[in-house]
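Next up: just one chain, as structure tokens, the form predicted alone.
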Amino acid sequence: MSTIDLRTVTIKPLRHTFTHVAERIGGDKPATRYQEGTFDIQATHNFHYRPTWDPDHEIFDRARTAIVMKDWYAFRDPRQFYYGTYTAARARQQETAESNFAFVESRGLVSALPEAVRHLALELLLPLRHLEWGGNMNNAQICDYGYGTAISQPHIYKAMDHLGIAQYLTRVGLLLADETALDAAKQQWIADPKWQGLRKYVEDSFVLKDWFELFVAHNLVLDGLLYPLVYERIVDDDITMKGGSAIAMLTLFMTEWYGETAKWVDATIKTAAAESPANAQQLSQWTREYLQRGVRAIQPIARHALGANAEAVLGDIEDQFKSRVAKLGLAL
């Protein structure tokens, strides 16, 4: 009778990471998956031709933005998102969201909503589906035109996040009403006067050619004003106090997502502003311009939802935003 002798053999690796990663982390030592999935992945040489639709630039070109960086891989995502960690994080959040939807449905919490609260939630949340589609378009464009994987990678994740948020808003609408509410929300987005400032802001952003300007316009300013207003001040505070805690449960993903994503946005702005005074000046100029436009765009929404308290809430949100960007090195 033969026997099998099992032994543990330790195999010493010849090297711990790729050469281009070792050059960035300071020698041949174990690298994180994020580092190996981010550093110096984008092609930089041997392009056969310039794109026919933009012959003034290479396919990947640093000159597509006024922001200048010595090293475009100086940017870091504090969330350490590469494909694996991103999908795992979103899967956990989706499980929580599904549990919240199931709880609201199984307990019949929608039928317990005051009619005024249900109507306000439909008027406020469903038109934002179209804004989230704009967020998907804008972040996909930044991914397309941005330079370096440290820039393009998190933007395609954010583009998909906006689609996911649009789907959650659709589910909220179908839970509160029926499919006719979606058609009504589309007409609101197209024709209702209170939405036209926000709609113009989003549609004007579609034609911005400088991708970093687009980052400031949408990811820093628009998200930085709209999410605190809608999901923190209106839904979590005002609607919840009026008996709409179920709405807060259904939109919990948006609140948590904004807090997480804002850390990456802040890290990106801070790194670019610290690179040079010229960068800080350009970023400050863009932020001042879009802050003024953004506040004007969300005013009608705030007044519709909050009435006499709107101006005070908008003032608080604007002050908090200014304090936030001042810490990033911008001067407003």
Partner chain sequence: MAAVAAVKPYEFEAADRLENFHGNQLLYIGWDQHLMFCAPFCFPLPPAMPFRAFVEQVLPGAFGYHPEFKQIDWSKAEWLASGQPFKPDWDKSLTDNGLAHKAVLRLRTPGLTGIKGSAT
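No experiment lies behind these values; they were computed from the predicted model shown. Positions refer to the first chain, counted from 1.
Only in words, not in the display: the form predicted in complex with the partner chain, which the text now covers.
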Residue (of 275, 54, 266, 289) lying close to the partner chain in the predicted complex, criterion heavy atoms within 4.5 Å: 54
Selected contact from 50, 296, 304, 62, since only one has a non-hydrogen atom within 4.5 angstroms of the partner chain in the predicted complex: 50
Segment assignment from 281 to 289, 54 to 62, 267 to 275, 296 to 304: heavy atom within 4.5 Å of the partner chain in the predicted complex: 54 to 62
